[in-house]
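Before any questions on binding or motion, here is one chain by itself as C-alpha coordinates, the form predicted on its own.
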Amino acid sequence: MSEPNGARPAFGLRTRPDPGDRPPERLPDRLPADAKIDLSTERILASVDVVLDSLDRELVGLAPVKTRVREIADLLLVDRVRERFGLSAERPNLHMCFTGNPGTGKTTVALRMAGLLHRLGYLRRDRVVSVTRDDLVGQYVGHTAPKTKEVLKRAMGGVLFIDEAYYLYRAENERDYGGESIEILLQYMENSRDDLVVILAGYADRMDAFFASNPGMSSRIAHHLDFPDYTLEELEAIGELMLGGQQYRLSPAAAGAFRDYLRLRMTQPRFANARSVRNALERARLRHASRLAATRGALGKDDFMRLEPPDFLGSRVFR
(Lines give C-alpha, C1' and ligand atoms only; values in the text may rest on other atoms or scores of the structure.)
Protein backbone atom coordinates (compact mmCIF):
# COMPACT_ATOMS: atom_id res chain seq x y z
CA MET A 1 0.00 0.00 0.00
CA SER A 2 1.43 3.36 -0.97
CA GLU A 3 1.67 5.97 1.72
CA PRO A 4 1.01 9.61 0.82
CA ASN A 5 4.71 10.45 0.84
CA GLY A 6 5.95 7.12 -0.49
CA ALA A 7 7.27 6.22 -3.89
CA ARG A 8 4.65 5.13 -6.41
CA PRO A 9 4.86 1.60 -7.80
CA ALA A 10 5.78 1.01 -11.40
CA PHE A 11 2.79 1.18 -13.72
CA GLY A 12 1.78 -2.29 -14.85
CA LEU A 13 2.49 -3.97 -11.50
CA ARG A 14 -0.08 -3.97 -8.76
CA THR A 15 1.17 -3.10 -5.32
CA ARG A 16 1.34 -5.71 -2.56
CA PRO A 17 -2.16 -7.18 -2.15
CA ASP A 18 -4.09 -7.04 1.06
CA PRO A 19 -5.94 -10.20 2.15
CA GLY A 20 -8.65 -10.95 -0.35
CA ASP A 21 -7.00 -9.05 -3.20
CA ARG A 22 -6.19 -10.73 -6.44
CA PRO A 23 -2.47 -11.67 -6.77
CA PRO A 24 -0.26 -9.03 -8.40
CA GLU A 25 -0.17 -9.26 -12.17
CA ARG A 26 2.51 -7.99 -14.51
CA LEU A 27 1.64 -6.95 -18.03
CA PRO A 28 2.70 -9.39 -20.77
CA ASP A 29 6.29 -9.25 -21.99
CA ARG A 30 7.63 -6.24 -23.87
CA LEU A 31 6.77 -6.26 -27.57
CA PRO A 32 9.27 -5.81 -30.41
CA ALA A 33 8.93 -2.60 -32.42
CA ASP A 34 7.55 -4.44 -35.47
CA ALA A 35 4.88 -6.37 -33.53
CA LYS A 36 1.15 -6.02 -34.27
CA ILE A 37 -1.61 -5.89 -31.67
CA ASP A 38 -5.32 -6.58 -32.10
CA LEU A 39 -7.02 -4.27 -29.61
CA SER A 40 -10.26 -6.25 -29.78
CA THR A 41 -8.35 -9.25 -28.47
CA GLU A 42 -6.82 -7.11 -25.72
CA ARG A 43 -10.31 -5.99 -24.70
CA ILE A 44 -11.41 -9.61 -24.42
CA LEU A 45 -8.36 -10.58 -22.38
CA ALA A 46 -8.94 -7.67 -19.98
CA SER A 47 -12.72 -8.39 -19.82
CA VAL A 48 -13.40 -4.72 -20.49
CA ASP A 49 -16.66 -5.38 -22.32
CA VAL A 50 -17.93 -7.50 -19.43
CA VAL A 51 -18.03 -4.35 -17.30
CA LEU A 52 -19.32 -2.07 -20.05
CA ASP A 53 -22.06 -4.51 -21.03
CA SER A 54 -23.19 -4.79 -17.41
CA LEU A 55 -23.42 -1.00 -17.32
CA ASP A 56 -25.71 -1.06 -20.36
CA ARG A 57 -27.88 -3.77 -18.79
CA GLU A 58 -28.18 -2.13 -15.40
CA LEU A 59 -28.71 1.50 -16.39
CA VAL A 60 -31.32 2.88 -18.76
CA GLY A 61 -30.31 5.91 -20.82
CA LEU A 62 -27.30 7.97 -19.66
CA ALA A 63 -25.76 7.83 -23.14
CA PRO A 64 -23.25 10.67 -22.51
CA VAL A 65 -22.05 9.02 -19.29
CA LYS A 66 -21.67 5.60 -20.89
CA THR A 67 -19.78 7.17 -23.82
CA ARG A 68 -17.34 8.85 -21.43
CA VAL A 69 -16.79 5.61 -19.51
CA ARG A 70 -16.02 3.81 -22.77
CA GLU A 71 -13.58 6.57 -23.74
CA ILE A 72 -11.76 6.18 -20.43
CA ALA A 73 -11.64 2.41 -20.96
CA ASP A 74 -10.20 2.90 -24.44
CA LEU A 75 -7.52 5.26 -23.14
CA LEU A 76 -6.42 2.86 -20.42
CA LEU A 77 -6.39 -0.08 -22.81
CA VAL A 78 -4.23 1.83 -25.31
CA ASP A 79 -1.89 2.93 -22.51
CA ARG A 80 -1.37 -0.71 -21.53
CA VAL A 81 -0.34 -1.59 -25.06
CA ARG A 82 1.87 1.51 -25.37
CA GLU A 83 3.79 0.40 -22.31
CA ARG A 84 4.38 -3.02 -23.85
CA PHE A 85 5.89 -1.28 -26.89
CA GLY A 86 8.19 0.67 -24.57
CA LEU A 87 6.36 3.93 -25.22
CA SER A 88 5.60 6.52 -22.58
CA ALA A 89 2.70 5.26 -20.46
CA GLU A 90 2.51 7.55 -17.47
CA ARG A 91 -0.51 6.71 -15.40
CA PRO A 92 -3.32 9.16 -16.19
CA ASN A 93 -5.14 11.12 -13.53
CA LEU A 94 -8.25 9.06 -12.76
CA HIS A 95 -9.91 11.16 -10.05
CA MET A 96 -13.45 12.08 -11.10
CA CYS A 97 -16.48 14.19 -10.33
CA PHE A 98 -20.02 12.91 -10.90
CA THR A 99 -22.72 15.58 -10.94
CA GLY A 100 -26.46 15.16 -11.12
CA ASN A 101 -29.64 14.83 -9.13
CA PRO A 102 -30.31 11.90 -6.78
CA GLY A 103 -31.18 8.57 -8.32
CA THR A 104 -29.42 9.14 -11.66
CA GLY A 105 -27.00 6.21 -11.35
CA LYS A 106 -23.87 7.85 -9.94
CA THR A 107 -23.18 5.13 -7.38
CA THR A 108 -23.77 2.36 -9.91
CA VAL A 109 -21.34 3.92 -12.36
CA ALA A 110 -18.77 4.29 -9.56
CA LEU A 111 -19.09 0.57 -8.84
CA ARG A 112 -18.62 -0.33 -12.50
CA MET A 113 -15.71 2.09 -12.80
CA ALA A 114 -13.97 0.32 -9.93
CA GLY A 115 -14.49 -3.00 -11.72
CA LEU A 116 -13.12 -1.58 -14.96
CA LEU A 117 -10.00 -0.12 -13.36
CA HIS A 118 -9.41 -3.33 -11.46
CA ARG A 119 -9.63 -5.51 -14.57
CA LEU A 120 -7.24 -3.21 -16.43
CA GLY A 121 -4.70 -3.39 -13.61
CA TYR A 122 -5.05 0.21 -12.43
CA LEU A 123 -6.53 -0.76 -9.06
CA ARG A 124 -5.79 -3.67 -6.74
CA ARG A 125 -9.37 -3.95 -5.59
CA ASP A 126 -12.74 -4.04 -7.28
CA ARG A 127 -14.24 -2.13 -4.38
CA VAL A 128 -15.90 1.19 -3.61
CA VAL A 129 -15.86 2.77 -0.17
CA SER A 130 -18.81 5.18 -0.11
CA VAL A 131 -18.79 7.98 2.47
CA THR A 132 -20.27 11.37 3.31
CA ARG A 133 -19.01 14.32 5.34
CA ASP A 134 -19.95 12.64 8.64
CA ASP A 135 -17.52 9.80 7.91
CA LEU A 136 -14.62 12.20 7.33
CA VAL A 137 -15.05 15.27 9.52
CA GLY A 138 -14.79 15.22 13.30
CA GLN A 139 -16.64 17.20 15.93
CA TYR A 140 -13.69 18.55 17.89
CA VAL A 141 -10.00 19.41 17.57
CA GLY A 142 -7.87 16.39 16.72
CA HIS A 143 -10.81 14.26 15.61
CA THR A 144 -10.89 14.92 11.86
CA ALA A 145 -7.44 13.72 10.81
CA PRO A 146 -7.80 10.21 12.31
CA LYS A 147 -11.31 9.83 10.83
CA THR A 148 -10.24 10.91 7.36
CA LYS A 149 -7.09 8.78 7.39
CA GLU A 150 -9.01 5.73 8.56
CA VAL A 151 -11.44 6.09 5.64
CA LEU A 152 -8.54 6.51 3.23
CA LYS A 153 -6.87 3.43 4.65
CA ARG A 154 -10.02 1.40 3.97
CA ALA A 155 -10.32 2.79 0.45
CA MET A 156 -6.70 2.19 -0.58
CA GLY A 157 -6.39 0.00 -3.63
CA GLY A 158 -9.91 0.89 -4.77
CA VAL A 159 -12.31 3.80 -5.19
CA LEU A 160 -13.31 6.33 -2.53
CA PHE A 161 -16.76 7.71 -3.39
CA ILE A 162 -17.64 10.91 -1.50
CA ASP A 163 -21.32 11.76 -1.88
CA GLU A 164 -22.45 15.38 -1.45
CA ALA A 165 -18.77 16.32 -1.33
CA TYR A 166 -19.54 20.06 -1.20
CA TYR A 167 -20.56 19.66 2.45
CA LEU A 168 -16.90 19.16 3.31
CA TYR A 169 -16.42 22.92 2.93
CA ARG A 170 -18.48 25.30 5.03
CA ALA A 171 -17.16 28.80 4.50
CA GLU A 172 -19.75 30.32 6.84
CA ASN A 173 -18.34 28.41 9.83
CA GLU A 174 -14.83 29.49 10.83
CA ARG A 175 -14.60 26.66 13.36
CA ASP A 176 -15.58 23.94 10.92
CA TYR A 177 -13.05 21.10 10.52
CA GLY A 178 -13.93 20.19 6.94
CA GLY A 179 -10.94 22.13 5.63
CA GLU A 180 -8.60 19.80 7.49
CA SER A 181 -10.22 16.79 5.85
CA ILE A 182 -9.90 18.41 2.42
CA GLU A 183 -6.18 19.04 2.94
CA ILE A 184 -5.60 15.39 3.83
CA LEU A 185 -7.65 14.25 0.84
CA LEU A 186 -5.62 16.48 -1.47
CA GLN A 187 -2.39 14.99 -0.15
CA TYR A 188 -3.53 11.45 -0.74
CA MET A 189 -5.07 12.24 -4.13
CA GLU A 190 -1.70 13.51 -5.30
CA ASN A 191 0.79 11.20 -3.61
CA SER A 192 -1.25 7.98 -3.62
CA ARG A 193 -2.94 8.35 -7.00
CA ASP A 194 -1.43 5.06 -8.18
CA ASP A 195 -3.33 3.23 -5.44
CA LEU A 196 -6.49 5.29 -4.99
CA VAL A 197 -9.17 6.83 -7.18
CA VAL A 198 -11.40 9.48 -5.59
CA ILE A 199 -14.83 10.20 -7.04
CA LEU A 200 -16.66 13.28 -5.75
CA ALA A 201 -20.43 13.44 -6.29
CA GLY A 202 -23.24 15.90 -5.81
CA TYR A 203 -25.48 18.54 -7.39
CA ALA A 204 -23.77 20.33 -10.29
CA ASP A 205 -24.20 23.91 -9.03
CA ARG A 206 -22.98 23.09 -5.54
CA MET A 207 -19.98 21.17 -6.89
CA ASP A 208 -19.11 24.18 -9.05
CA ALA A 209 -19.14 26.40 -5.95
CA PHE A 210 -17.08 23.82 -4.06
CA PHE A 211 -14.40 23.75 -6.75
CA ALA A 212 -14.36 27.55 -6.96
CA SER A 213 -13.59 27.66 -3.23
CA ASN A 214 -11.09 24.79 -3.44
CA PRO A 215 -8.93 25.24 -6.56
CA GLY A 216 -6.51 22.57 -5.32
CA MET A 217 -9.28 20.02 -5.44
CA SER A 218 -10.49 21.17 -8.85
CA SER A 219 -7.02 20.80 -10.35
CA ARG A 220 -6.85 17.17 -9.25
CA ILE A 221 -10.10 16.15 -10.94
CA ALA A 222 -9.53 15.02 -14.52
CA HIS A 223 -12.93 13.64 -15.49
CA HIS A 224 -16.26 15.40 -15.00
CA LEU A 225 -19.34 13.31 -15.79
CA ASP A 226 -22.78 14.91 -15.72
CA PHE A 227 -25.73 12.59 -15.06
CA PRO A 228 -28.94 13.95 -16.61
CA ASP A 229 -32.39 13.37 -15.16
CA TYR A 230 -34.31 10.49 -16.68
CA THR A 231 -37.15 11.10 -19.12
CA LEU A 232 -40.62 9.72 -18.47
CA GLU A 233 -40.01 6.91 -20.96
CA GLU A 234 -36.69 6.04 -19.31
CA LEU A 235 -38.33 5.96 -15.88
CA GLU A 236 -40.95 3.56 -17.22
CA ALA A 237 -38.19 1.33 -18.59
CA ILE A 238 -36.37 1.45 -15.24
CA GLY A 239 -39.57 0.37 -13.50
CA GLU A 240 -40.00 -2.52 -15.92
CA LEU A 241 -36.43 -3.67 -15.23
CA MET A 242 -36.94 -3.48 -11.48
CA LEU A 243 -40.19 -5.42 -11.64
CA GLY A 244 -38.72 -8.03 -13.94
CA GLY A 245 -35.88 -8.60 -11.51
CA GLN A 246 -38.46 -9.32 -8.79
CA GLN A 247 -40.66 -11.45 -11.08
CA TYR A 248 -43.52 -8.98 -11.19
CA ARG A 249 -45.19 -7.47 -14.24
CA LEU A 250 -47.68 -4.75 -15.07
CA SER A 251 -51.04 -5.46 -16.63
CA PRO A 252 -51.74 -3.19 -19.64
CA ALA A 253 -54.04 -1.04 -17.50
CA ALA A 254 -51.46 -0.91 -14.68
CA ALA A 255 -48.80 0.25 -17.16
CA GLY A 256 -51.00 3.26 -17.91
CA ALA A 257 -51.56 3.95 -14.21
CA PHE A 258 -47.82 3.68 -13.56
CA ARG A 259 -47.11 6.15 -16.34
CA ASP A 260 -49.68 8.59 -14.92
CA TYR A 261 -48.10 8.18 -11.50
CA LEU A 262 -44.63 8.98 -12.84
CA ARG A 263 -45.86 11.99 -14.80
CA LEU A 264 -47.32 13.49 -11.63
CA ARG A 265 -44.48 12.48 -9.33
CA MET A 266 -41.85 14.08 -11.55
CA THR A 267 -43.40 17.50 -10.88
CA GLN A 268 -43.44 17.15 -7.10
CA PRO A 269 -40.79 18.01 -4.49
CA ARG A 270 -38.01 15.58 -3.58
CA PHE A 271 -38.35 13.56 -6.76
CA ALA A 272 -35.27 11.33 -6.98
CA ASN A 273 -35.39 9.65 -10.39
CA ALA A 274 -34.73 5.90 -10.11
CA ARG A 275 -34.95 6.00 -6.32
CA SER A 276 -38.47 7.39 -6.54
CA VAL A 277 -39.35 4.66 -9.04
CA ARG A 278 -38.09 2.00 -6.65
CA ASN A 279 -40.04 3.50 -3.74
CA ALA A 280 -43.20 3.68 -5.84
CA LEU A 281 -42.91 0.03 -6.79
CA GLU A 282 -42.32 -1.01 -3.20
CA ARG A 283 -45.54 0.72 -2.16
CA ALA A 284 -47.35 -0.81 -5.14
CA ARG A 285 -46.24 -4.23 -3.96
CA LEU A 286 -47.66 -3.47 -0.51
CA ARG A 287 -51.04 -2.56 -2.02
CA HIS A 288 -50.87 -5.62 -4.26
CA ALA A 289 -50.27 -7.86 -1.24
CA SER A 290 -53.14 -6.28 0.70
CA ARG A 291 -55.43 -6.65 -2.30
CA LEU A 292 -54.60 -10.35 -2.66
CA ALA A 293 -54.96 -10.96 1.07
CA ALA A 294 -58.49 -9.55 0.89
CA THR A 295 -59.43 -11.65 -2.14
CA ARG A 296 -61.89 -14.51 -1.64
CA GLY A 297 -61.25 -17.68 -3.57
CA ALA A 298 -58.26 -19.35 -5.15
CA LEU A 299 -55.41 -17.39 -6.69
CA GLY A 300 -53.05 -18.52 -9.43
CA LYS A 301 -49.38 -17.84 -10.05
CA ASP A 302 -50.13 -14.95 -12.38
CA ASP A 303 -52.14 -13.21 -9.67
CA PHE A 304 -49.03 -13.12 -7.49
CA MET A 305 -46.98 -11.60 -10.30
CA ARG A 306 -49.37 -9.09 -11.88
CA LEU A 307 -49.80 -5.53 -10.64
CA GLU A 308 -53.08 -3.76 -11.42
CA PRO A 309 -54.17 -0.09 -11.49
CA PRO A 310 -55.39 0.01 -7.85
CA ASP A 311 -51.84 -0.85 -6.75
CA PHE A 312 -50.76 2.57 -8.06
CA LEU A 313 -53.93 4.65 -7.87
CA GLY A 314 -53.94 4.33 -4.09
CA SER A 315 -50.92 6.65 -3.95
CA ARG A 316 -51.24 10.12 -2.45
CA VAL A 317 -49.81 11.44 -5.71
CA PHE A 318 -53.29 11.10 -7.24
CA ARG A 319 -55.06 12.95 -4.46
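Just so we're clear, the structure is a prediction, and the values are computed from it rather than from any experiment. All residue numbers are counted from 1 along the displayed sequence.
The same protein has a further form, the form predicted together with a small molecule, not shown here; the description that follows concerns it.
Asker: So, in the predicted complex, is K106 in contact with the small molecule at a 4.5 angstroms heavy atom limit?
Answerer: Yes, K106 lies within 4.5 Å of the small molecule in the predicted complex.
Asker: Verify the contact flag for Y230: yes if a non-hydrogen atom of it lies within 4.5 Å of a non-hydrogen atom of the small molecule in the predicted complex, no if not.
Answerer: Because a heavy atom of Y230 falls inside 4.5 Å of the small molecule in the predicted complex, the answer is yes.
Asker: Consider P92 of the chain shown here, and say whether it contacts the small molecule in the predicted complex, taking contact as heavy atoms within 4.5 Å.
Answerer: No.
Asker: Is it the case that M242, even though its partner is missing from this view, gets within 4.5 Å of the small molecule in the predicted complex, heavy atoms only?
Answerer: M242 belongs to the contact set for the small molecule.
Asker: Looking at 114-122, 71-79, 132-140, 234-242, which stretch has residues with any non-hydrogen atom within 4.5 Å of the small molecule in the predicted complex?
Answerer: It is 234-242 that comes within 4.5 Å of the partner.
Asker: Which residue, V51, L59, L250, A257, is the contact with the small molecule in the predicted complex, using a 4.5 Å heavy atom cutoff?
Answerer: Partner contact (heavy atom, 4.5 Å) among the options: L59.
Asker: Given that the small molecule is left out here, which of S213, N101, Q187, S218 has a heavy atom within 4.5 Å of it in the predicted complex?
Answerer: None of the others qualify; the residue that does is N101.
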